[in-house]
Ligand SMILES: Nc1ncnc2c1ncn2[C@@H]1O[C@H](COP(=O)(O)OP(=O)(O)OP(=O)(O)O)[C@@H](O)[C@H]1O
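Shown next as structure tokens: one chain only, the form predicted on its own.
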């Protein structure tokens, strides 16, 4: 998607953050393109919000440099960085009208009352709150307050919009609705969005790229489908959706393929990659939906195993079948309800599971 005229790039060069003896963000590099929707995704305490606050200028860096639109802003205060930040709690002034809340940033820039009122009314109409400028925040729903906070962040035409879990306070249905509205607004205004969340589905739904963070570092930076289909590390594989991670040992390499011995799960055949030698331990990601389950006992030479069903769960759109191999290894299978057989296997039943070579992803060693 082409960037809007106000969109700015963000570049981090060896940026890190320490709080005393605690390292919150390890030295990292990151390039966010102008007009991109990039999400910082990770569990609580991984450093994503600290990283966002350093970009905003709300936290000083312990090392490295931050550039916005090619300009070094590392030592500049927040109001001189051409960025705007939106918080989870929205931080609206409870005693100010919606129009005054939305136009507050323009007031701080010395814009006349007439011009900022006109701009506020334009943005209120843009977010579906036309004619509500005289109301106070407590008279709005959570979703409406979220829109007001978003309009207040965008009215100043920032080069970069920083969003710190802005949908975290909303209920599930409203959250999904606002995901769509945020993505639509991003396409419309063409600004650079740097978005923080711990919600994997939210990140997959909205982002152009996802930076998966863990322990103060970026584990993987890729488009959503790549992060899901080809996770780089065991942490990413387990954090994004549901994933089986199988530990095996390379037993044969040749002809562009490798066979790995996975114990009771048998031989796993995958496309050989650099660095694979016989005897090398590997970790393989195998998504539950990529596995077929069959009641017959026909075994293939590789990529199939006999397992015992441990439990069967219905999630609404899928059936999840938990299984266990004879050596205790667990494999989870996920079947779309529309593709499910008339009879599902029952706990205690032995079944055969199978998967294709392309379903296996070799994982790098976690740090």
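Positions refer to the first chain, counted from 1. Given the structure is predicted, the values throughout are model-derived calculations rather than measurements.
Omitted from view is the form predicted together with the ligand, to which the following refers.
J.: Counting only heavy atoms and a 4.5 Å cutoff, which of 27-35, 49-57, 65-73, 309-317 contacts the ligand in the model of the complex?
T.: Looking at the other structure, the answer is 49-57.
J.: Pick from 234, 82, 165, 100: which has a non-hydrogen atom within 4.5 Å of the ligand in the model of the complex?
T.: Only one listed residue qualifies here, and that residue is 165.
J.: Scan 145, 198, 267, 287 and let me know which has any heavy atom within 4.5 Å of the ligand in the model of the complex.
T.: It is 198 that has a heavy atom within 4.5 Å of the partner.
J.: Report yes if any heavy atom of residue 45 sits within 4.5 Å of a heavy atom of the ligand in the model of the complex; otherwise report no.
T.: The answer is yes: residue 45 has a heavy atom within 4.5 Å of the ligand.
J.: Residue by residue through 6-27, tell me which have a non-hydrogen atom within 4.5 angstroms of the ligand in the model of the complex.
T.: In sequence order, 19, 22, 24 come within 4.5 Å of the partner.
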